[in-house]
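First, one chain by itself: the form predicted alone, in C-alpha cells.
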Amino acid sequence: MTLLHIENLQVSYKTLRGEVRILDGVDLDIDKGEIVGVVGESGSGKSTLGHSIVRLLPYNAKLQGKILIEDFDVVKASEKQMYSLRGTSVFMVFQNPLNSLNPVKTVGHQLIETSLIRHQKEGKKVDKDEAYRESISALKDLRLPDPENIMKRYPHQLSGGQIQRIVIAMSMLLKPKILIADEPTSALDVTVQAQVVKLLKQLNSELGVSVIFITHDIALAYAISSRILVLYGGQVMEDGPSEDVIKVPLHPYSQGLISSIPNINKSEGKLKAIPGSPPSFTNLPKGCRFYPRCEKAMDKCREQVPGILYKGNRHLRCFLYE
C-alpha cells in the first residue's frame, strides 16, 4: 500500500539572481512500514525534500508537482489543513534536535503538551496526569534512565543524544504514519548514533511507522533502510533496494559514494574520493549534473539531460544504461 507518492517534485527559490531550482523532477513512492534512505553530499537537496513533504519551506520557495500522503494533497492544502497533518500523519526530526524544543520550558511540559495535542486532534479528552503517564512510558521505551528526573529538566541540561531521543519520544506520542529523520545522527558519537538507529527501527517494527532517513552516509543508510534513493544536484541519480545499490551500484555517483567509504579490512591504499565538488544551483551544468565529476562521461552527457531509465529493480538517470 503506497503511503507517500511524490511525482515530478520541483522546488525553486526566488533570489536576487532569479529563480533557483533546488529539486528538479524528483519521484518517490513509499509503502506503509517501509524505511527509505535518502543519501547524497551536502547541497544535493536532501533536506529540501524532507521539508517539502511537511511543507516547511522559506517564504520565497515555490513548490510544484505532486506530494500525496494517502489522499491528502500537500501541495494544494491550506495552512490549516497542514497543521492537522503535521504530527498526526507526518513528523520530522531535524538535524539539530534543539531546534525542536522550547529552551524555556521543561522537557516534561513539552512532552505532556504533545500528548494533549494528539488527543485533541483525535477528538479525545484526557487530563494532564494521563498525558504525564504517556510521556514517562515513551521515555522508558527509549531506554532513557530516570525519566521522572528528565521530565523536570530543561533542554540545555541534557546531552545531544538524550535530546534526540526525547524528540523521537515526541514522535511516539503523536503516532505519525511517516517519520522524516533529517540527519538525526550527524552530531552524535558512534555509540549514540547506533542507539538512535536502533530506536528508529523499533518505531518502524513496533508501530509500523514509515521512515525517511536522510543522511550523507550511504553506509548508515544501508544499515537502517530497505531502499536507497541517491540524490545529486536536486535530481534522483539511482533508486533501488539497499542491498543491490550497495553491493552492485550502477550509477557512477553511487559508485563514487561507496568507493569513498573506509574499509577496515584493507590496510593499504588511499581512500578514493569523488573529484571536484557538487555543482552550485545557480550555475548547474547544461547536460548531466554529474558530468563534470564523472570518470565515465561521454560527449552527449555534456549537452543532454538523461531521463529516468529502468534497469531491473532500479531507477537510474544515466546514459550508460540506455
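Remember, predicted model here, so these are calculated numbers, not experimental data. Each form is matched to the other, and the largest set of C-alpha atoms that superpose within 1.5 Å is called the rigid core. So that there is no doubt, residue numbering starts at 1 and follows the sequence shown.
Just so you know, the form predicted in complex with a small molecule exists too; it's not on screen, but the next bit is about it.
- Scanning G33, G65, G43, G287 against the small molecule in the model of the complex with a 4.5 Å heavy atom cut-off leaves one residue, G43.
- A heavy atom within 4.5 Å of the small molecule in the model of the complex is found for exactly one of S277, N60, S260, N263: N60.
- Although the partner is absent here, T15 is a contact residue: one of its heavy atoms lies within 4.5 angstroms of the small molecule in the model of the complex.
- At the 4.5 Å threshold, heavy atoms of T48 reach the small molecule in the model of the complex.
- The shortest heavy atom separation between C301 and the small molecule in the model of the complex exceeds 4.5 Å.
- In the model of the complex, the small molecule stays beyond 4.5 Å of every heavy atom belonging to Q81.
- Comment: 34 to 42 is the region of 289 to 297, 250 to 258, 34 to 42, 66 to 74 lying near the small molecule in the model of the complex, near meaning a non-hydrogen atom within 4.5 Å.
- Using a 4.5 Å cut-off to the small molecule in the model of the complex, each of I22, Q95 and F281 places a heavy atom inside that distance.
- After superposing the rigid core, the Cα of N96 is displaced by 2 Å or more between the shown form and the other one.
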